[in-house]
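What follows is a single chain, given as structure tokens, in the form predicted alone.
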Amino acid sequence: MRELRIAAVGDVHLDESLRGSYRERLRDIQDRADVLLLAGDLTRHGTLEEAKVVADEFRDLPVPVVAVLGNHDHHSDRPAEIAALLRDAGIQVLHDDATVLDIDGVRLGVVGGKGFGGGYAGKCASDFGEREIKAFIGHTKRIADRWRVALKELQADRRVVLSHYSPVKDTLHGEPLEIYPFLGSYLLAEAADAEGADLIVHGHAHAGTEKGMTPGGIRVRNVALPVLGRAYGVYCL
């Protein structure tokens, strides 16, 4: 079974002022990667005008493109319309579900969604007290449960989890400790560790670091553009 090359980047934050600029950075991507994963925050303010720029930058690439949305993509309360616009451009958009790509006979399964926050084991919010806190944690729990089911049902040779929020704090080093609960949740890592994956990629933490690992030993990579400092990272499975 041949090796798969997974290109990934998040937090490209495109708008009209950047039209045409990212496309140039994807030239010859097929020589370096088999698939491109987009880890959310594709727009600045989640407007349809910005989403059209994203669609034009990533449409008709010579490799499949799979995306999740980020918190910025939700800012204008039009995530469903943004996702539809991207799908019309041939980009697969995951919303706590999965897709399987056939790459030269190797089945690559990708499970993912936006994810959400709450913090990390020992320093996290709990499902207790005010209804607002319970709603916050409940949202993350429901997402983690959906990922667990999607991973359990996934039939693939290689498995990747694609998220915007981080499942571990390893990749947040450099970010203020005070905002860790708003950058991700350990519940996301628990879902992946329970069902197994070969790689997790996420964005959102612009001041974080690239490399981390779940308690269960799954590689985690923060692919936020400011962290990578290049158009995309490539990870081999």
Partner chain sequence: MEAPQYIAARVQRALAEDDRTTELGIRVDVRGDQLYLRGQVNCAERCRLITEVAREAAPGLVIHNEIDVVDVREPVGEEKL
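Positions refer to the first chain, counted from 1. Everything numeric here is computed off the predicted structure, so don't read it as measured data.
The same protein has a further form, the form predicted in complex with the partner chain, not shown here; the description that follows concerns it.
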Taking heavy atoms and a 4.5 Å cut-off, does L18 contact the partner chain in the model of the complex? yes
4.5 angstroms heavy atom contact with the partner chain in the model of the complex for K211: yes
If you check in the model of the complex, is V12 within 4.5 Å of the partner chain, heavy atoms only? yes
Does any heavy atom of H75 come within 4.5 Å of a heavy atom of the partner chain in the model of the complex? yes
Within 4.5 Å of the partner chain in the model of the complex: all of V66, D88 and R146, by heavy atom? no
Pick out the residues of 19-51 whose heavy atoms come within 4.5 Å of the partner chain in the model of the complex. Y22, R25, R27, R32, R44, H45
